[in-house]
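Given next, in structure tokens, is a single chain: the form predicted alone.
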């Protein structure tokens, strides 16, 4: 069985993964079963960009609002009739938490009747098979994938399939969603789905679309990877005017949005994750009247998107003003200013800046100055023992980078001169190995090899062997070693020399005994 938890962990961004843990802890503390559902599972498995996180709980998620806020999440919108809350997780990861529910449509164009349900019943009410999957985040079944309509197979074959024949009739917004998915993924509608789509289009089911559904579809455009292509497809199918009466491709700043998405990808490659949604909406409606823009903003349920869209121009002008002042008088100051600014503002200003100086500074920040980072003398810093293990390392590296940006360090000699005061002292040499008393005594008592002199009976071989032994050193041995050497001298030659002297002594004793022998006989 596939390890979907592992797939989820490697596919989500670090902020999204932390968000999953946050929601999981809050739901578990409240005793609610939690599932990752819908588009999040689809994008995790298919490999497409994961735009936001969709959670479903078996219970009322509105009860979790206070605990979510305590944990660091921000509530951006609430739909009480659908029991859905929209949140912004730490790191600006978007998410929504919905109640597992059933929907019964009594009349076309009217909101459905919603009742609490199990996760299996909730999956049956969804739009397409690729969105009708859930991943359990509960202790007893964590990692279990629920896929009652075989959505994984449709992901593999790359088709979009509705769950039942009345799907477009119950919720006409699914016509817009089907077109949007087909444009995003470049996948066709399944044959039966295409037939139902054409029939619904001919029957003008779209006339019964709910206003709340229009707001959701407009907000979805803000987070498309290629919104311009999606808008073209929506216009081709006739759905763009459904989202707003005056909305056509002519109302879109095509050059601006093209440059925006190009710059966004450049920043993503550098490790940034700007939320391009507000800027996308700005360019998609750049030729709208203020009244039309206001109408569109009122229909969008996510108020955080609306607020960011409204304020984007004012924040960009403020940042441009700071870039023209003393705060950005040098490259290093400009770098610090742009690094502390929101990535969304840098992205938007990179496309819309009217002052050439501001445009050039942002261009340098994204290109030229990045190359200066590669000039940080890491080998020299390593030689001086200035490594990441030092607490001061980040500050030292940043100071070197700032000086390089401003041209105050121009050579290796100047750089080394700057770095040397920060070098830590070299580590002390290792202590000499300590020798114990027993080892020292054994070394002192070790016998010194003294060659034995060849005896009188030693032949040529003995003399040659004696000659082969090197002569002992002329230096006197230590006292203890000399005593040991004396004890170890062989005594055999002395014993041999004593044998000839023993024979005369025996003869003398025999003569003395013979002289006394006659006297003893006379006495007897």
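Numbering follows the first chain given and starts at 1. Note that the structure is predicted; figures quoted are calculated from it, not measured.
One more form of this protein exists, namely the form predicted in complex with a small molecule; it is left out here, but the text below deals with it.
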| query | finding |
| --- | --- |
| Proximity to the small molecule in the model of the complex (heavy atom, within 4.5 Å), stretch among 287-295, 348-356, 364-372, 180-188 | 180-188 |
| Partner contact for residue 38 in the model of the complex: the small molecule, 4.5 angstroms, heavy atom | yes |
| Any non-hydrogen atom of residue 51 within 4.5 angstroms of the small molecule in the model of the complex | yes |
| 4.5 angstroms heavy atom contact with the small molecule in the model of the complex for residue 174 | yes |
| Partner proximity in the model of the complex: residue 127 to the small molecule, non-hydrogen atom cutoff 4.5 Å | yes |
| Option touching the small molecule, based on a heavy atom within 4.5 Å in the model of the complex, out of 131, 88, 332, 84 | 131 |
| Residue among 253, 96, 237, 275 with a heavy atom within 4.5 Å of the small molecule in the model of the complex | 96 |
